[in-house]
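Take a look at this single chain in structure tokens; it is the form predicted on its own.
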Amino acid sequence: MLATRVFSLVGKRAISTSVCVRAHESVVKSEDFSLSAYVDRRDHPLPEVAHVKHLSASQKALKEKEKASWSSLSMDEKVELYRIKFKESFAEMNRGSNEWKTVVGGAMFFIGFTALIIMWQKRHVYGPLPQSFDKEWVAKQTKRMLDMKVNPIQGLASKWDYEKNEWKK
């Protein structure tokens, strides 16, 4: 019973706050997000709502004139009617933008910053390479392994010709 009482109170509170919100001792109407919003998209070129929600007096007069013959409308009036319904034309939606420059610039910034961090780490964090990475050391190690005949069947020693003192071909 307690759960049903809590959910009923929460439900009443949600309904009462969705209509209007109290702020600074005055009532402010909130946006109704249950209605669809206007969005210009190429994959959905005809939005469900008009771009201009609240018409001015001249726009209302133009909407009344629209109900008559369209041949009586001038080209500017037709364009204005179009702009009431749509923010951009399809050609304007397909027009390229310069956003790619921002993306590439941001990526280059982070790549450069990462390179600076790596260079700082190589200089101040990592020590010098051990002597076992030196080419002379590797050559001596390989010679020692060949002298000991390490893994003579399938390994390193099987590829060394001990009579000619060179690698088998």
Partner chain sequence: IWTILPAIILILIALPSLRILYLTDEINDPSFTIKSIGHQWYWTYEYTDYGGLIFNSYMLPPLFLEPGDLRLLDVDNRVVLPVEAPVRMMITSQDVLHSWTVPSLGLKTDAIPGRLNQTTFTATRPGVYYGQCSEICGANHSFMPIVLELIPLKIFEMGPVFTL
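Numbering follows the first chain given and starts at 1. Bear in mind that the values here come from a model prediction, so they are computed numbers and not experimental data.
The following text describes the form predicted together with its partner chain, which does not appear among the structures shown.
Distance criterion of 4.5 Å from any heavy atom to its partner chain in the model of the complex singles out 141 from the list 102, 58, 36, 141. A single residue from the set 70, 120, 126, 133 has any heavy atom within 4.5 angstroms of its partner chain in the model of the complex; that residue is 133. Within 4.5 Å of some heavy atom of its partner chain in the model of the complex lies at least one heavy atom of residue 137.
A residue is said to contact a partner when one of its heavy atoms sits within 4.5 Å of a partner heavy atom; residue 159 fails this definition for its partner chain in the model of the complex, lying far away. Contact annotation for residue 152: at least one heavy atom lies within 4.5 Å of its partner chain in the model of the complex. Using a 4.5 angstroms limit between non-hydrogen atoms, residue 146 is distant from its partner chain in the model of the complex.
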